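Single chain ahead, by itself, as structure tokens, in the form predicted on its own.
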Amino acid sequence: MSSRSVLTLTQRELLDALRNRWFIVYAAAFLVLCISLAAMIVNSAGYAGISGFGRTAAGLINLVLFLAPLMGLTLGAQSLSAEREQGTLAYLLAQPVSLGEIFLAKFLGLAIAIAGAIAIGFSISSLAIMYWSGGAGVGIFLRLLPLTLLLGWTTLAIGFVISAVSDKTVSALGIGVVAWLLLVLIGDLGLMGASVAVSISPGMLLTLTIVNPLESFRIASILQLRNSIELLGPSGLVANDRFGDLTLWVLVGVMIVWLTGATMLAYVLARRRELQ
């Protein structure tokens, strides 16, 4: 594998991502909503204390759960499928580059673009808080940044799996949106309702919860920002009771497994598809 080829293709993918209208919309929406939450933090300072974990921090987690996975899934879903549909993937493979180099470059380019959008949103929001309040409350954004990046990259990898088996961009995007809805809906409340209906044991409920990367992110984020463990929800409380001080690392490990496993699966599927 040539590092020069990967670097050149990564630059191309990054430029394409920055021109992608979906990426522009997601990045702009993320920035606007982050700044709005920063303003809420400042305005709520007189009620609950600007650095306290309250509705604002919970709102930030919900914002990330809404936008970051949607960004990762849809951008990943159209990555290979768009190239295949337009015929550019076949053209690239006819050049002295391998599928592995193309795959790695596309993933790195999109991962950098997503990281940039998230980092800019958090950074400008943090600067706004520093300007408005002298810096109190900035820690909420800074502590959530690494987990948000991991969530974005994890869902990007899942999007690549969808893209690897899709011929059309539209169908890939549709599957990506459906996957996002399923991951969002099969959350803590959905599993609690199911547990009541079919009598799921606490251990099984915990497994079904943390295997969802969005739920692992949610519980890990609350553990990072918490003032009260009651905010973890039933599954989070079970996880905290089961794993103790290792809970955060277990949840991060689950997300890393999703990231690496989905990336490898996407490459295997893409390679099998192109060899046919």
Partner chain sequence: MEPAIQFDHVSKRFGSFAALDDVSFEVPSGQSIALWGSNGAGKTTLIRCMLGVTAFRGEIAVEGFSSAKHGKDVRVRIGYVPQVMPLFDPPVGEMVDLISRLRGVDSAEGLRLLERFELKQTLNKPVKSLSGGMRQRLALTLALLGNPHILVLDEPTANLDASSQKDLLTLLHQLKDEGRTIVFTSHRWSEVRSLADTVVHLEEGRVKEMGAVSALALQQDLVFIRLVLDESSISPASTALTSAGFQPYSGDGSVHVTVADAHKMDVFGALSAADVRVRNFTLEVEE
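Source: prediction; values computed, not measured. Residue numbers count along the first chain shown, from 1.
Absent from the display: the form predicted in complex with the partner chain. The rest refers to it.
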Does the partner chain get within 4.5 angstroms of any non-hydrogen atom of residue 18 in the model of the complex? no
Is residue 185 part of the interface with the partner chain in the model of the complex - any heavy atom within 4.5 Å? no
Applying a 4.5 Å heavy atom distance criterion, does residue 11 contact the partner chain in the model of the complex? yes
Give a yes/no on whether residue 91 approaches the partner chain to within 4.5 Å in the model of the complex, heavy atoms considered. yes
Spot the stretch among 163 to 171, 115 to 123, 176 to 184, 95 to 103 with residues whose non-hydrogen atoms come within 4.5 Å of the partner chain in the model of the complex. 95 to 103
With the partner left out here, which residues of 249 to 274 have a non-hydrogen atom within 4.5 Å of the partner chain in the model of the complex? 274
